[in-house]
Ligand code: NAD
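Just the one chain here, the form predicted alone, laid out as structure tokens.
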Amino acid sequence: MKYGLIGTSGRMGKEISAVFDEAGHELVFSYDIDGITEKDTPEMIVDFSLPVAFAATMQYVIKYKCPLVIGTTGLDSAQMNELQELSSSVAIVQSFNFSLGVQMMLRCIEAVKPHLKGWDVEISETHHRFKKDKPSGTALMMKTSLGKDAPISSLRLGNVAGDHKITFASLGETFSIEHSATSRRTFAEGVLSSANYVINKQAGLYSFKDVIDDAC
């Protein structure tokens, strides 16, 4: 496919372009702090940038009338509402995490939570020093899967790709579910799977869970 990428020079942008290129796809449109490059009309746009670029993302998706895969974290409720509105005319996959392992972790949380009522629970996450949003979007997804409020601890250290952990505790024992990303490539591969999934979909707002379920 011919694809566009917003946030091309970022850590994830570089990983995504490498994985897409390996799969034989062509980068024809890019947008980031270094400027805009438009070689051809993209059939798909991927946004892994920052919330400040969100308006530009909306502008170019509307201009090209193409599907969107967006993994930008830190979006506010107004921006999420804009995505919902845009999904009435184009197909969108939105997620704060494109890791298969994280999806399995979320399913584990949903499976155990009915059995641990009354237990204490806390969520912790660690990311590289350059990540701006706290808590991470994935930690918020974990809290949503839990179905109730829980404290979230956030650390920003070194070059950690992403560690997440949820711990349950009674007065006599503790129980934890955790996930560690050892490479950003795992997220880029999830983005590629999402692009392949959404490019032929009807207009609508899809999640990475939908992508995983479709592959089963």
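From 1 onward, residues are counted along the sequence shown. Predicted model, so just to flag it, every value in this text is computed and none were measured.
Below, we turn to the form predicted together with the ligand, even though it does not appear here.
- Although the partner is absent here, K131 lies within 4.5 Å of the ligand in the predicted bound form, judged by heavy atoms.
- Taking the partner from the other structure, the ligand in the predicted bound form has a heavy atom within 4.5 Å of a heavy atom of D32.
- Residue contact check for L50: one or more of its heavy atoms lie within 4.5 Å of the ligand in the predicted bound form.
- Contact annotation: T73 falls within 4.5 Å of the ligand in the predicted bound form, judged by heavy atom distances.
- Contact with the ligand in the predicted bound form, judged as any non-hydrogen atom within 4.5 angstroms, is confined among 142-150, 112-120, 79-87, 94-102 to 94-102.
- When the ligand is considered in the predicted bound form, only one residue from L205, V19, M12, V198 comes within 4.5 Å through any heavy atom, namely M12.
- Contacts with the ligand in the predicted bound form, taken as any heavy atom within 4.5 Å, map to no residue of 201-216.
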